[in-house]
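First, one chain by itself in structure tokens, the form predicted on its own.
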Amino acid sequence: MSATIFGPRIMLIGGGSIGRIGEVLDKLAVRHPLIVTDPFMVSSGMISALIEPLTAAGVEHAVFSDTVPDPTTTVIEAGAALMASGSYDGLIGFGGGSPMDTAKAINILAAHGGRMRDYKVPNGVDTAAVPLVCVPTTAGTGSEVTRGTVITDVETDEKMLIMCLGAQAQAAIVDFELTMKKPFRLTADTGIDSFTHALEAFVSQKRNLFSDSMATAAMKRIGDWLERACSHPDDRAAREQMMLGATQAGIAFSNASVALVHGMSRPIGAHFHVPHGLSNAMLLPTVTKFSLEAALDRYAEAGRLIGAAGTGDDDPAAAAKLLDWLYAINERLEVPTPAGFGIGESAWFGLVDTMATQCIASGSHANNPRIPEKDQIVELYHQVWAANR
């Protein structure tokens, strides 16, 4: 079976690579980019890591820093309006997943108009307005290499998945030095997010040999280095390995698709504003337990790759040890339950039916090795609330 593989045209990977941003823009014939980032990047001064090499290269630029943690249609429309008001010939998404996802959506809307809901799965476009360069500052979303963006429709509270070539960045600069000294909670959440990307790509019904190679490399790398990066935020080796793992996981799921964890996670983020990586972490053990028997060999191999199981363990034992590891890593990395995050019980259970409907509408559940019915998704939300093993 053949597979169509997507990714950026240019990738710079390694410490200090942000210093070559001018070279990348020159290759893309970009002379006047709009930087899409968030308020913290500006107020903290972190944006200087991007501005200084741009200035040194003589690149005129402007900054749109009104992005929010869960990008909304309101923010996208404001960014597209700014694009239309200037002579920008490129975009730079600088920050975590939210600024990069925002830049992707602005690029699509600026080219094609309409509303963002016009482009949600299964719709999509193959083109965008201008070349896009993505520069991640967290080791998590993998958005720099994916064809996806997730935008919340403020009118419906739906987290919409847009997955198309129009959302693909033309270049990615993956510089682990931008992630140094990130706090424990952010490192943990983005790290588990990356692991979820890799594991779901590995068991996805749309997987292929290429995506498998990226997923297995990412799982091994993240399994080896996640806790070290959390406990030693200034460890350069750990940061470098996690950054590369996140990018590999992004390539994996962009070419194999995510599955049920992500399908259930997006509504949690939309309704309760739980950070995406954290909601994935809340769900991952429960959803894996539900899915285990449908892809026992794959989950077993994942358990061996991360060192939870040994080469002598048969598939049932290795898969069980993976599940034990997922529960244990959540405990060690202090992943809260929905209640522990501060979500009210009546609010959670009042929305489980809606969230299940939105999960199914995204289509991600259909990539899962075990495809659930709506009532099973509702039951999984119940189990996640109770943290049942």
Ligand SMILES: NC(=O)c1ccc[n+]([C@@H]2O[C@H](COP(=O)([O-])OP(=O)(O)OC[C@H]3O[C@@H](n4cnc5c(N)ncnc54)[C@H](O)[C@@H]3O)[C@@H](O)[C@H]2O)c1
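All values derive from a computational prediction rather than experimental measurement. Heads up: residue numbers just count along the shown sequence, starting at 1.
Beyond the structure shown, there is the form predicted in complex with the named molecule, which is absent from this document and is the topic of what follows.
- Interface residue among Pro285, Gly148, Pro267, Gly90, judged by heavy atoms within 4.5 Å of the named molecule in the model of the complex: Gly148.
- Out of the listed residues Gly79, Gly263, Gly303, Gly96, Gly96 is the one that sits within 4.5 Å of the named molecule in the model of the complex by at least one heavy atom.
- The candidate spot formed by Asp101, Pro183 and His197 is fully in contact with the named molecule in the model of the complex: every one of the three has a heavy atom within 4.5 Å.
- None of 216-224, 116-124, 294-302, 139-147 except one has non-hydrogen atoms within 4.5 angstroms of the named molecule in the model of the complex; the exception is 139-147.
- Contact between Lys159 and the named molecule in the model of the complex is found at the 4.5 Å heavy atom cutoff.
- Looking at Phe40, you'd find a heavy atom of it within 4.5 angstroms of the named molecule in the model of the complex.
- In the model of the complex, the named molecule lies farther than 4.5 Å from every heavy atom of Asn255.
- In the model of the complex, at least one heavy atom of Thr190 sits within 4.5 Å of a heavy atom of the named molecule.
- Counting a residue when any of its non-hydrogen atoms is within 4.5 Å of the named molecule in the model of the complex, the one hit in 272-311 is His276.
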